[in-house]
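Take a look at this single chain in structure tokens; it is the form predicted on its own.
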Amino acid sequence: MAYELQYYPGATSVAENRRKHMSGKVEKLREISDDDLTLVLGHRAPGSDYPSTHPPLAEMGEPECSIRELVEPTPGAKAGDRVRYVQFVDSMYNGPSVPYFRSYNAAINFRGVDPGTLSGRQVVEARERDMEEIAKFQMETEMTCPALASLRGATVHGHSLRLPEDGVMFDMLDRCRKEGDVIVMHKDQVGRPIDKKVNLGKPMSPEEAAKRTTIYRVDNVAFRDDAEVIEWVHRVFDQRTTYGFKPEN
């Protein structure tokens, strides 16, 4: 019988959503064109070639290496792309994802990535075209609600603030706005104005966000209500502590 990966314990909707984000088996909710993605990332002009830091690997004439033969390089590494980043901020008010689970998604499902996890933001560095693949995946799926998550490469504040009346997470640089029933981004991730507004799609309703979130909250799905998660958190904490003391027996 084939082994089925077990990503995360728990019987609640939050636990199930965490398993989905880790496995990459998430629902696609919207389309973001390649040019629009390039605009909001702000690393190069839409339609331009990828800048490189070295020639394509096929042209470099590298010496024989058994590891190189075993490990297939990513498309970005093959082409010699420079390393670039995408950084997400997720609202604590039932945002679909949280920094750790964006990192898990990137590290488990993509290669050649360097995820960084902080309390209110999550960054992934990778070769540029590989990074764009990750950004597009996370932006187009249920991992992101355009009102409760946004690209912020600088001045990231807002994830822990109460939502304003329109339900769009506060942004000091005003990169995203609600226009009609959709969220538009009119600046790139570091706050520079872009040539056109990028339609990020409709925001989730409060009810849908509560159903899709990976955040335990006492006013939705409380952490202490998930007995299996509590059991495993206690077990991991106990075993790490015991190992730290290095008992003789």
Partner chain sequence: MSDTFSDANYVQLEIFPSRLLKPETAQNLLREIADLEGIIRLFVHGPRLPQTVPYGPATGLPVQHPGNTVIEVAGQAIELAVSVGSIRMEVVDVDVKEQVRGVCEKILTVPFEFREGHFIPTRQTVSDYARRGPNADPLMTGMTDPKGKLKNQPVCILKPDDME
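What you see is a predicted model; the values in this text were computed from it and never measured. Positions refer to the first chain, counted from 1.
Form predicted in complex with the partner chain: not shown, discussed below.
With respect to the partner chain in the model of the complex, the three residues L173, R177 and R192 uniformly fall within 4.5 angstroms at the level of their nearest heavy atom.
Residues of just one listed stretch (158 to 166, 75 to 83, 123 to 131, 104 to 112) have heavy atoms within 4.5 Å of the partner chain in the model of the complex: 158 to 166. Put simply, R212 is far from the partner chain in the model of the complex: not one heavy atom of it is within 4.5 Å. Of the heavy atoms in V71, none are within 4.5 Å of the partner chain in the model of the complex.
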